[in-house]
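There is one chain below, alone, in structure tokens, taken in the form predicted on its own.
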């Protein structure tokens, strides 16, 4: 199973991902109908792509009393049954990542369905800010980033004299 991985440090805020998403799903370029949203943090000059993380336990599915949400067995994506969705927003509140939205015209939920396994946001992101990779690769990247943080922290400690190898440490 593949998942979307976003890299905010690469995102330039062009919002091409939102446009292609709305075009793919709604046949119109309208970012308000996109399943991915680029959240801008103006004070930090950051653009953060927000999309469904396809959680294993899917709190959005658990919150849906109408049975309108289910997991696709092939892609692992959350699929919305538009006939059953009543737009109650329980799934919006249940999502820990703020990745679920409501289509204000149709009054139904918008959740990333991974475009059936060919995410258009990934295909059209020129900056490589969104990738569609296997779970193993996604986890490996997270681990590598964590290790880099630990190495940088240790280097800073050594530089500040907090911990100097071979200089008074235990031997």
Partner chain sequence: MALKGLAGKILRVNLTSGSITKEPTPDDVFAGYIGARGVGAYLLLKELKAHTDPLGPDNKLIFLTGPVEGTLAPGANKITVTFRSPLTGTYSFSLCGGHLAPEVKFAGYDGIIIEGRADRPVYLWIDDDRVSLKDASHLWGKLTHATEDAIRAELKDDAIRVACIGPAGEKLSRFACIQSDYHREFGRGGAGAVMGAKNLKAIAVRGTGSVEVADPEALEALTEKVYGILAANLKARARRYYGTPEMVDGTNGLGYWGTRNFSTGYFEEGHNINAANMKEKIFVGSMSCYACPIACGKVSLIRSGPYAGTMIEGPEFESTGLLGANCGVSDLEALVKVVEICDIYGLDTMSAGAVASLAMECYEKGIITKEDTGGLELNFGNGEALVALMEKIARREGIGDLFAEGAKRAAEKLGVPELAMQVKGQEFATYEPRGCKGMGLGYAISPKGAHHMIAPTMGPETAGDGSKRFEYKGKAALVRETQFLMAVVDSLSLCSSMRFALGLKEQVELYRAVTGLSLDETGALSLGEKITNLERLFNLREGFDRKDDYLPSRMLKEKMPTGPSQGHLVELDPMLDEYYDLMGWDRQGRPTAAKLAELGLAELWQEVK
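All values derive from a computational prediction rather than experimental measurement. Numbering follows the first chain given and starts at 1.
We do not show the form predicted in complex with its partner chain, though everything after this point is about it.
Check your understanding: Residues in which of 131 to 139, 53 to 61, 107 to 115, 36 to 44 have heavy atoms within 4.5 Å of its partner chain in the model of the complex?
Key -> It is the stretch 36 to 44.
Point to revise | Any non-hydrogen atom of residue 19 within 4.5 angstroms of its partner chain in the model of the complex | key: Looking in the model of the complex, residue contacts with its partner chain include residue 19, since a heavy atom lies within 4.5 Å.
Review point. Though only this chain appears here, would residue 70 touch its partner chain in the model of the complex if you measure heavy atom gaps against 4.5 Å?
Key: The answer is no: residue 70 has no heavy atom within 4.5 Å of its partner chain.
Exercise for review: Considering only heavy atoms, tell me if residue 48 and its partner chain come within 4.5 Å of each other in the model of the complex.
Suggested key: Output for residue 48 is no: heavy atoms all beyond 4.5 Å of its partner chain.
Exercise for review: Determine whether any heavy atom of residue 102 comes within 4.5 Å of a heavy atom of its partner chain in the model of the complex, and answer yes or no.
Suggested key: No, residue 102 sits far enough from its partner chain in the model of the complex that none of its heavy atoms falls within 4.5 Å.
Review point. Relative to its partner chain in the model of the complex, which residues of 96 to 135 have a heavy atom no more than 4.5 Å away?
Key: Stretch hits, in order: 104, 124, 126, 127.
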